[in-house]
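Before any questions on binding or motion, here is one chain by itself as structure tokens, the form predicted alone.
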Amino acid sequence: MIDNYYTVLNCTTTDHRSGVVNVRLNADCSIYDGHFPGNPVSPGVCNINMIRECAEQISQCKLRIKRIKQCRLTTLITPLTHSQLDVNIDLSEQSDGSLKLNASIGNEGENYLSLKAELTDE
């Protein structure tokens, strides 16, 4: 986990395969010192890592990203304008034992980022 990038506020799961993790981005995280001072923008790679960590929380096992099939960034995410986010996680097991991930980051019905990937147990 990137130190102090976000804080988990709530996690709701229906099983160990899907759920929603409500997070708050921390504007005082050092990542924003270089991305960008005075106008913090959440780096896409940090958001993808946050999705992986939320998937770990839902599945209750350590995961690594095997392959990213699709990633769409539709809105610039900043801790100043989008401080609270919902990370939606949907996992399904594939025949080879890996997990198919469909995830999104958004809030109040708006989608800011969507990700389709394959994950494996670490």
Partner chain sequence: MIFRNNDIYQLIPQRPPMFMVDVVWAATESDADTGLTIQENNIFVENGLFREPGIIEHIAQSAAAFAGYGTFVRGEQPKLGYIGEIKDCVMHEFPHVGDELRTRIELVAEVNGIRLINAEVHVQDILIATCQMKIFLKDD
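Numbering follows the first chain given and starts at 1. All values reported here derive from a predicted model rather than from experimental measurement.
The form predicted in complex with the partner chain is left out here; the points below concern that form.
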| Wondering, does V8 line up within 4.5 Å of the partner chain in the model of the complex on heavy atoms? | no
| Do L73 and the partner chain come within 4.5 Å of each other in the model of the complex, heavy atoms counted? | yes
| field | L63 within 4.5 Å of the partner chain in the model of the complex, heavy atoms | value | yes
| message | How about N39 - does it come within 4.5 Å of the partner chain in the model of the complex, if we only consider non-hydrogen atoms? | response | yes
| in the model of the complex, which residues of 39-69 put a heavy atom within 4.5 Å of the partner chain? | N39, V41, P43, V45, C46, I48, N49, R52, L63, R64, I65, K66, R67, I68, K69
